[in-house]
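Single chain ahead, written as structure tokens, the form predicted alone.
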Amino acid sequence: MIRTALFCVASFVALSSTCFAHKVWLRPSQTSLSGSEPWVTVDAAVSNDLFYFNHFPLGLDGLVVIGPEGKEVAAQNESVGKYRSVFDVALEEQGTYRIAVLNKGMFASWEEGGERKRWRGTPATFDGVIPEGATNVSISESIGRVETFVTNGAPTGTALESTGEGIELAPVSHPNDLYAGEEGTFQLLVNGKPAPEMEIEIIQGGTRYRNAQDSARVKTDDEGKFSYKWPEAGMYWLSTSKNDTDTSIPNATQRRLSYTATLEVLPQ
């Protein structure tokens, strides 16, 4: 049962907040640092409360850290425990790092010789799976991104550039330059293009000690932009999702996209 749940989160993180009513998140020990070679430790979990690891760990198979120069940086000391995963990142370069767990999954079903066949895997292993002559083909795909940002010294933007795949957060306000009482503005992209009319849920951490989650919901405008005034300092969780069709895959019926970010808002 645990193995099934872990597989579901690892491969189809887009469904986690909806189907399981749990939150998927990365939480860095700090987001703004300075020094010659500071480190951050990052917790990764799926939990009922933000940001407490009380359900099960988030798999790290899709962990990607992009450094200030736009190159991939190796995470260190990765470990998966009972309730959380954890890893360290050495911030050897000055600037902003993008830390993300990326998950891509595919599911296909078809009829062959009067028998129903099913396959589950990744886009990289999909080619040639469905045989010629198959009928009643159904294919679905999911792309999920769970991420956070940390900066050593002054904020930079290279690591934040869009990959052009799935839902991404493009900074208008830098994600490591947010302050209580001020408004932060961002742009949502889907496959590298502005995503209008998308709803974003925003929740401040510490839900364990509140009677209600006190979530806020905002929508992107025609340019895919949205703004939110941070009520107070703390860690915040942002989440959104979207269903569409991937026309690059023959017979594709649905693609499920999701995005989750953890942002730290500092006191004035």
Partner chain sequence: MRTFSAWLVLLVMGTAPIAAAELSLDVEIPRLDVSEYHRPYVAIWVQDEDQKVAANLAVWYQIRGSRKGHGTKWLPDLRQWWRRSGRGLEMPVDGISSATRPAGKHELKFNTADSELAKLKPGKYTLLVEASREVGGRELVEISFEWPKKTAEPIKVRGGKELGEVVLTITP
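Numbering follows the first chain given and starts at 1. Since the model is a prediction, treat every value here as computed from it, not as a measurement.
One more form of this protein, predicted in complex with the partner chain, exists but is not displayed; see below.
- The contact with the partner chain in the predicted bound form, taken as any heavy atom within 4.5 Å, belongs to A154 out of A90, A134, V80, A154.
- Comment: the partner chain is not present in this chain, but in the predicted bound form one of S29, S34, Q213, N48 has a heavy atom within 4.5 Å of it, namely S34.
- By the criterion of a heavy atom within 4.5 Å, E182 is counted among the residues contacting the partner chain in the predicted bound form.
- The partner chain in the predicted bound form is not approached by T96, whose heavy atoms all lie more than 4.5 angstroms from it.
- Using a 4.5 angstroms limit between non-hydrogen atoms, E112 is distant from the partner chain in the predicted bound form.
- Contact check for D177: a non-hydrogen atom falls within 4.5 Å of the partner chain in the predicted bound form.
- Residues placing heavy atoms within 4.5 Å of the partner chain in the predicted bound form fall in a single listed stretch, namely 154-162, out of 113-121, 72-80, 96-104, 154-162.
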